[in-house]
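The same protein chain appears twice below, in two forms, each given on its own as structure tokens and labelled structure 1 and structure 2.
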Structure 1
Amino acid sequence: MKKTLIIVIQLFFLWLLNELGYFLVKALNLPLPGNVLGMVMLFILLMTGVVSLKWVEEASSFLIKHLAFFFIPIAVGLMNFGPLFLQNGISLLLVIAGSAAIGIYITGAVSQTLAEKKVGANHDRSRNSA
């Protein structure tokens, strides 16, 4: 019971930050979604110690654990595009899957190669100093 109450209060706080994010994006005409700005604000609040991790931790881990759930109702909206996908289905599937595969491979391979190179350089340095 007490845990549920804590989660509800924490959810309300996260919701406030989200609303503030959307308000600021609109007011300042920023090229960002409001929720992403809300995320940046919460990170800054945590870094500066204005907000303690304990204030948001329970609700955050609950929401992140079930993050996929929130995309299901949105994905159901694809049923409105049945005719388009029936008509151009194969082409669209090829474009979306192909470009996603290219992007995933490039992002992963580039970052992994660079990250490992950096680790390798550090190893060399420690070997030289030894």
Structure 2
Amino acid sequence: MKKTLIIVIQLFFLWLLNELGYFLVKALNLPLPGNVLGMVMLFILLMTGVVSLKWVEEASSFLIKHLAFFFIPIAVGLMNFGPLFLQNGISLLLVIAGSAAIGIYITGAVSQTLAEKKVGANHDRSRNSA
């Protein structure tokens, strides 16, 4: 019961940030989605320590655990675009595959660079302590 209450409170906090993002986008006429601004605000609050990770950790874990359910409306919505996929399916497939490949390549390159820097920093630290 206590864990459920914590998740509900944390979900309410995340929802408030989301709604604040939508409000700011509309009030300031910003050219980005409100939910993206809400996520950026959450990231900044977490990075600055204003919001502790434990304040959103339970709800975030819950949402990630049930992430597949959020794709059901999207998949159902895609069924309305059947004629578009039949007409331009190959082009769409190429664009999706290409963008996924580029995203995977860049993510891998950044991860390897950061891992090499971390290994180098640990190696320098151990050399200086010896």
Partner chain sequence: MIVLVTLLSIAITVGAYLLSRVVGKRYPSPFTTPVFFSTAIIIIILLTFGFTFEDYTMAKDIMTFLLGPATVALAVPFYKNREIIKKHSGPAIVGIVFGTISTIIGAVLLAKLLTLSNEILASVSVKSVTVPVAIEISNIIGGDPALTAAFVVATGIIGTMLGPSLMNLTNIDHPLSRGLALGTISHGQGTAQAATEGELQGAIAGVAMGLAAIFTAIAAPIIVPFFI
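Residue positions are counted from 1 along structure 1's sequence. Everything numeric in this text was worked out from a predicted model, so none of it was measured. C-alpha atoms forming the largest set that superposes within 1.5 Å between two forms make up the rigid core.
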Legend entry - Either 1 or 2, the form predicted alone: 2
Legend entry - Met41 C-alpha shift between structures 1 and 2 of 2 Å or more, rigid core reference: no
Legend entry - Ile9: Cα shift of 2 Å or greater between structures 1 and 2 (core-aligned): no
Inset, instruction - Please state the CA displacement of Ile106 between structures 1 and 2 in angstrom, with both forms fitted on the core. - result: 9.7
Inset, instruction - On a rigid core superposition, how far has the CA of Ala97 moved between structures 1 and 2, in Å, if you could check? - result: 7.9
